[in-house]
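Let us start with two forms of the same protein chain, each given on its own as structure tokens and named structure 1 and structure 2.
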Structure 1
Amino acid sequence: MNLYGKNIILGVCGGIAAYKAAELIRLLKKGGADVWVVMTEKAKEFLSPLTLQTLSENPVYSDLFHNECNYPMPHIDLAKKCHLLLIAPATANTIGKCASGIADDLLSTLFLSVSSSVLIAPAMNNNMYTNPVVQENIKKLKGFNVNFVEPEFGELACGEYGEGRLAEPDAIVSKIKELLSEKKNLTGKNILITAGPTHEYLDPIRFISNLSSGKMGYAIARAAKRRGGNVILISGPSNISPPPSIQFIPVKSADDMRREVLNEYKKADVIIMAAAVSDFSPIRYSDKKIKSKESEGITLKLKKTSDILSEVSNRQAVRSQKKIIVGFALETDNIIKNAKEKLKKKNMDFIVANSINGFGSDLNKVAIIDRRGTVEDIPLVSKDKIAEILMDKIEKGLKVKYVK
């Protein structure tokens, strides 16, 4: 993809990697983009605004109020023309301000003003990058649908080796092209997604659950929204912030999830059951905490929870509705064989087969199987990438169903 006609706003922060902004501008201009640069005051300590103005062939902005350039209100005027805001290098300070909604300079104010995609490329000392506060801020921004190019592992300016080195300019530009070429083929389609675990309570404070983080389901929700879908996300307990501009329905138990799915499934064109719903729940629930002395030698009796996926699939079969149904199969052995059996038994269009290794991780290795039994192995990649691959298959599946 070329970048002709695209306005890229490049935010440059105060770090030694600021010098790579020059190469970024060169590559973006080579791709056809029009580049406008916003520098923080600290960035000007590392790199001359004149250098970036010469390379970009546009004025460089840094002051929120006293600009001698074309725009009297640059945080508004630049935001209006922006197709993508790139912050590279992004310091821990700027990431923290963006995550907290602090707008005390032009770049942080512009971040709050843009409606376009935002791409952040962090660069800092490895100890700073792995600091829990910085990681929490990054996690928060990802929950707000902000995109990241992760830093690389290598030699840092301080002489140490670790994670925190700015991603290579080629990799950053490649991600920009990916974001700006996003498809909108799901515009007008209703996408119902379930995510996360469920909690089946024994008493007010104890429950049966599993290790699901909800990351896969939330990644699918973000991918569907990027493609223009009307997303309904029904999620069990998770620490992830739901993507903006979707219908979000939080639930706790398997019964809660069943109720909400059956309330929403009729209007859905696509149903993606990514939640790790508990298979069992206690037969008896205690309104009060079960005391330890009462639990000596206790026998916990369980009952099966509702099979939500089978119920939805059976209802579709009866009504012959043209819906795409996707399920997930987590297995500890015979992964593909068991997933194929589940696919056929529950009358799905696709099933994503994976193992316990993906629980809680940002990465996973899966296989996607269609109703013909064709298996596509996906190597260890990010869950966001898996979501994009899955959405490509769903789009093709919708075209087939609506042509018939």
Structure 2
Amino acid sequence: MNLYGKNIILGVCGGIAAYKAAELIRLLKKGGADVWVVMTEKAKEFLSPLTLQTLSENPVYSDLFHNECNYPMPHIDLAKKCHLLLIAPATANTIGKCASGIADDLLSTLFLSVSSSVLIAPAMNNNMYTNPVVQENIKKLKGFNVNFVEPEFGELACGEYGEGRLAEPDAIVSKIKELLSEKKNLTGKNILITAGPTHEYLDPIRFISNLSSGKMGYAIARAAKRRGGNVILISGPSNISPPPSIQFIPVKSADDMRREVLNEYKKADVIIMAAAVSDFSPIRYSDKKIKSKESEGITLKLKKTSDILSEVSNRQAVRSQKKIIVGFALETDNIIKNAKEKLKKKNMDFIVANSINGFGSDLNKVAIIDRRGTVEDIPLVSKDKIAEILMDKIEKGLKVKYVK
């Protein structure tokens, strides 16, 4: 992919790797992009704006108020033309400000003003990078759909060895190309996704649940949003921040999830049931905490919860319409055979078969099976990657249904 016609705004922060901005500009311009540089005040301690101005062939900006051009509001005017905001190198300070919504200079204000994709390439000392505060800020930003190019291991400018060296400019430019070539083929489509576990309460403080983290369902929600879908995410309890600009419906129990799915499924073009809904819930719920004395030798009586997927996929409103239904199957044995049976029984278009090893992890190894029984084995990859592969299949499935 070339970058012709793309305005890339490069935010440069005050770190030793600031000099690599020069190489980034060279590569971006070679790819055809127009590059506009925003430097923090501290970045100017490391590198002359004149160098970046000369290489980018555009003015360099850093002052929010007394700007170097005639823009009355540079953060808004730059945001309007921006196809992608790249912050490289990104300091711990600027990452922290972005994660907290602090907008006290041009770059951090611009970060809040852009509606384009944002890519952050951190670079810092390894102790700074692995500091839990910095990691927490990165995690928070990822939850808001901000993209990262992870730094590399190697010798650092401070003389130490570890993780924190700015990713190679080539790798950063490849990631930019990947982000800018993203398809928006789900524009106008309503995508209903369930995620996370459910909590089935015995009393006000105790519940039955499972190890689901919600990571897979949230990755699918992000992928569907990136492709332009109108996403409704119905999620059981999870620590993950929902992606911005989606409809988010938090629930607790299998009953809550059923109620919300039945409220929303009619308008959905695609229904993806990634939640690990508890199969059982206690027959009796005690309003008061069950006392430990009373619970000695207690027998817990459970009832089956309703099978939300079957209920939805067998409804006339779904059968007669061109909806795509996707389910997940978690098995400990005979994974493919059991998943195929479930796919057929529940009238799904796709089923994602996975083992228990993926619980809580960012990675998983799954197989995606379609209506005809074709199995595609996906090796151990990130859940974001699995979500992309699944979305490709759903897009194709929607095309086939609409052509029929």
Ligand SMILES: Cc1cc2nc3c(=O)[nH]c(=O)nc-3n(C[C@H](O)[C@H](O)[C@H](O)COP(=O)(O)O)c2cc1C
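Treat the numbers as computed from the prediction; the structure is a model and nothing was measured. Numbering for residues begins at 1 and runs along the sequence of structure 1. The term rigid core refers to the maximal set of C-alpha atoms that superpose within 1.5 Å between the two forms.
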(request) Compare the two displayed forms of this chain and pick out the form predicted in complex with the ligand. (result) 2
(message) Aligned on the rigid core, do the two forms place the Cα of residue 129 2 Å or more apart, comparing between structures 1 and 2?
(response) yes
(request) Answer yes if the Cα of residue 353 shifts by 2 angstroms or more between structures 1 and 2 on a rigid-core superposition, and no otherwise. (result) no
(message) My question is whether residue 282 is one of the residues whose C-alpha shifts by 2 Å or more between structures 1 and 2, given a fit on the rigid core.
(response) no
(request) Report, in Å with one decimal, the C-alpha displacement of residue 14 between structures 1 and 2 after core superposition. (result) 3.6
